[in-house]
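The form predicted on its own is given below as one chain in structure tokens.
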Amino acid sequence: MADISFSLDGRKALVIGADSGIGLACARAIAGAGADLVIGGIDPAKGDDLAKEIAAASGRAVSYVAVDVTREEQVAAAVDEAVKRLDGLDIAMNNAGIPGWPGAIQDQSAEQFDILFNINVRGAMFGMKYQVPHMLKAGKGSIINLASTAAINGLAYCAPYAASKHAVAGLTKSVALELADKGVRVNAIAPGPVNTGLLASMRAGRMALPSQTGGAKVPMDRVAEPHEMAGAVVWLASDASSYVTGALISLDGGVVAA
């Protein structure tokens, strides 16, 4: 039987959008699986404390870098700094995202649409743009992007958000094809409802609209906790998923199946 390893021992990882929620849970799990880690976000004071906490819990080298994913030069600098600190890059997760502003399509503004796409889509694109060359140089790597079940199904009164996550899925699949024969894998997770500030904001906004109840019924009859997304991310980062690229993996309590 082949040796299937879920270990990330000796790997070098960057998680962008790790200040809270899914990104933070995945950063903890990646370090816990053995990788040295740089986490990126928009709150340096909080981020430095989180890095120290993760380092103490995992025994790995963990540090923080400030990055605004809407600024290409900041993403480029953050990736370069991570590579410098880690002496390479094997794993990258592009997690930064916002829910946008729930509302009917006729009430959506161009400014809100642009802010949403600048963070959710351009952030993932800029991340891959600067992560990929380092992985190509090494001849290996795994990139994990954050999509959503809204990248698979529609989401009434959140059309721009759903469109942004469809775009992330399209970026993921397309870049995966570009790199499939070069040792670099690109995948995305598609969470359903997860107990984060993003979910609370989105549900509150939708419930304020006529005839809305905040979301579809989850067959498992509960929302997920952020740490429940982390196992799939560690798997995608590890050699256990060596034949997986271009995948959009639903972690949704059965929402898509229903």
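Residue indices: 1-based, along the sequence shown. Please read all numbers here as calculations on a predicted model, not as lab measurements.
Form predicted together with a small molecule: not shown, discussed below.
Visitor: Heavy atoms within 4.5 Å of the small molecule in the predicted bound form: which stretch among 102-110, 79-87, 169-177, 140-148?
Guide: Stretch 140-148 is the one.
Visitor: Could you tell me if residue 47 has a non-hydrogen atom within 4.5 Å of the small molecule in the predicted bound form?
Guide: No.
Visitor: Quick one: does residue 157 come within 4.5 Å of the small molecule in the predicted bound form, counting heavy atoms only?
Guide: Looking in the predicted bound form, residue contacts with the small molecule do not include residue 157, since no heavy atom lies within 4.5 Å.
Visitor: Is the gap between residue 69 and the small molecule in the predicted bound form 4.5 Å or less for some heavy atom pair?
Guide: Residue-level check for residue 69: yes, a contact with the small molecule.
Visitor: Please tell me whether any heavy atom belonging to residue 161 falls inside 4.5 Å of a heavy atom of the small molecule, as the geometry stands in the predicted bound form.
Guide: Output for residue 161 is yes: heavy atoms within 4.5 Å of the small molecule.
Visitor: Among the candidate residues 98, 152, 136, 125, which is the single one with a non-hydrogen atom no more than 4.5 Å from the small molecule in the predicted bound form?
Guide: None of the other options qualify; the answer is 98.
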